[in-house]
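Starting off, we have a lone chain in the form predicted on its own, written out as structure tokens.
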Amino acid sequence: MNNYTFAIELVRWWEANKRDLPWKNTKDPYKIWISEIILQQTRVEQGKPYFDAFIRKFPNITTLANAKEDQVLKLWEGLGYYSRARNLHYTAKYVSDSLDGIFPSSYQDLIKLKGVGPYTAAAIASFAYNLPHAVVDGNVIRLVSRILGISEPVDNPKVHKDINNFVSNSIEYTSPSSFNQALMDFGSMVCKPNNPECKTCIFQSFCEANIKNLVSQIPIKSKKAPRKERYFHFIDLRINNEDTTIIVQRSDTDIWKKLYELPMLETFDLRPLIELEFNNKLQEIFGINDLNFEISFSKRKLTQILTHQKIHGFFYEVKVNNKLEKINPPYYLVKRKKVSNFAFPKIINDYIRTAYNS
């Protein structure tokens, strides 16, 4: 299929079928940037309320730059991939402080921003400034690999370059902004991963995958390494029957950077914690050797699937009966009704919703 036909037919389809989304009707690079960062690894339906909430809370780059990191992470809660939120905040401060709050207007300068890769830079460049830089994400890779009948793994650098060249050559024949919007919408609405709309697809007579009955087999990806299994044991502390618990902020050297969690111990298998491990952890928190504590239940298990890891979470409610004078940093006491003010990983939020509201 030639580039001219692909571009013209794609944009013609889009003009009749475009989606009405809040970030589609703006040339504001700030709003476009926010939407693109949110939509990385996030479906449109899930991302839309987050975008609306972000723009209400942080209507411009200055308000986002002046926010506290905890505020940004809390607003991001539930989207996952929290490095996106941290990079968003870092870049907002950089643009506000170093660029006088003015977003870069060239692809070359956009891609230098932290958290902005080729796809996001192309999206901002085309949507805000109508520059001819084609977007290439999973939707686009799937669409083009099916049309061209690519039978090699699409994560192969040469194949990825071929796909990028195809859309980059095609974008020259029409409005860059319209072309990229059309690519996104077509891949999401028609050329879907499962049950694509091949019978009504405008490219069905050109699509090599459709002609050869290979749609369900394309795109092909290299086999992924198995997810690492990890076993986290979270301790929900109640001190002298008071309506409080202990939380701690995670470090920036592991998953869920800078989010909050209940005190945690990690083991290498499914075994439950033994009393000595509880005692050692409580000594770390309170600095007291002889603690009187009771474990109310020993296994409430939840799981969370990450890109490369599967987290098995075990939750223990522990009642401490000692009179306590202090709590060692970085741990600190918080009222149970206030825990929702902090940003937690999904697995802990799922536990809190059940345990704290029952």
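So that there is no doubt, residue numbering starts at 1 and follows the sequence shown. Everything quoted here is computed from the prediction, not taken from an experiment.
Just so you know, the form predicted in complex with the DNA exists too; it's not on screen, but the next bit is about it.
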(message) Among the candidate stretches 203-211, 281-289, 171-179, 119-127, which one is within 4.5 Å of the DNA in the predicted bound form when only heavy atoms are counted?
(response) 119-127
(request) Consider the chain as shown here, without its partner, and state which of 87, 165, 71, 106 has a heavy atom within 4.5 Å of the DNA in the predicted bound form. (result) 87
(request) Identify which of 272, 153, 78, 149 has a heavy atom within 4.5 Å of the DNA in the predicted bound form; exactly one of them does. (result) 78
(message) For the three residues 241, 277 and 335, which mark the spot I'm curious about, does each lie within 4.5 Å of the DNA in the predicted bound form through at least one heavy atom?
(response) no
(request) Please run the contact check for residue 96 against the DNA in the predicted bound form: heavy atoms, 4.5 angstroms, yes or no? (result) no
(message) Within 4.5 Å, heavy atoms only: does residue 305 come near the DNA in the predicted bound form?
(response) yes
(message) Considering non-hydrogen atoms and a 4.5 Å limit, does the DNA approach residue 261 in the predicted bound form?
(response) no
(request) Flag residue 193 as yes or no: does it have a non-hydrogen atom within 4.5 angstroms of any non-hydrogen atom of the DNA in the predicted bound form? (result) yes
(request) Taking the DNA as it sits in the predicted bound form, which residues of 37-68 have a non-hydrogen atom within 4.5 Å of it? Please list them. (result) 39, 40, 41, 42, 43, 44, 46
